[in-house]
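Next up is one chain by itself, shown in structure tokens, the form predicted on its own.
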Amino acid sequence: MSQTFHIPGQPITAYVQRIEIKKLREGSNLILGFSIGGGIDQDPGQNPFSEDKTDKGIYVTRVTPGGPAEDAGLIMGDKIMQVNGWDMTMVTHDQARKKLTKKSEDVVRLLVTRKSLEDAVRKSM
């Protein structure tokens, strides 16, 4: 279920996507199948997904093929706005990691923003 926010007649540059990931249990570990980058304590200039190199948001930097995150529809470059209702827009990298890897939670509900397909295609040309 996605919502689109845009001005009529203008190209859509990003949209909001809700994603629910069921963690995979491997022994005592719970696997999500993705890695993150960013955070308010990180250098935004090193973030390949920060367009203006000032964005300190949390981004998906890798998705494991065939893993729970890929199965749920998460893609590289998604910006994580919320984890299980917690605001992720002004957190450190470690705070984000801890919210995602809570042992007591088998399911992670994410709210992400994603660049539009049109925008991605235009940049690849």
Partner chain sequence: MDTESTYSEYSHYSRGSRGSHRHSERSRERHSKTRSKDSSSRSEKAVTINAPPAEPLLGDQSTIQGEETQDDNWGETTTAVTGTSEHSLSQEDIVRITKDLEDSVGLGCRRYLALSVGIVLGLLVFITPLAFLVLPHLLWPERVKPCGTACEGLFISVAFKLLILLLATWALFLRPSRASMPRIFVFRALLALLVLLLVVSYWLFYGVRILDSQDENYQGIVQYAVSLVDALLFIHYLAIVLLELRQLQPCFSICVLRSTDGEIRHYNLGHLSIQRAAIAILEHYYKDFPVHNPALLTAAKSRAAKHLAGLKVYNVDGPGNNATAGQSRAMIAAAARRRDTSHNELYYEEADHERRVRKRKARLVVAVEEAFTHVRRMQEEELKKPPGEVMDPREAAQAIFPSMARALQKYLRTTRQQHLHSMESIQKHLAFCITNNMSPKAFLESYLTAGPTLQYGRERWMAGQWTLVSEASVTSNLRDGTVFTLKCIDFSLVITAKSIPYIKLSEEFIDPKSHKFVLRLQSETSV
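Numbering follows the first chain given and starts at 1. No experiment lies behind these values; they were computed from the predicted model shown.
Omitted here: the form predicted together with its partner chain. The next part is about that form.
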Original post:
Within 4.5 Å of its partner chain in the model of the complex: all of 90, 95 and 104, by heavy atom?
Top reply: no
Original post:
Does its partner chain get within 4.5 angstroms of any non-hydrogen atom of residue 62 in the model of the complex?
Top reply: yes
Original post:
residue 33: heavy atom within 4.5 Å of its partner chain in the model of the complex?
Top reply: yes
**OP:** Report yes if any heavy atom of residue 71 sits within 4.5 Å of a heavy atom of its partner chain in the model of the complex; otherwise report no.
**Re:** no
Original post:
According to a 4.5 angstroms non-hydrogen atom cut-off, is residue 46 in contact with its partner chain in the model of the complex?
Top reply: yes
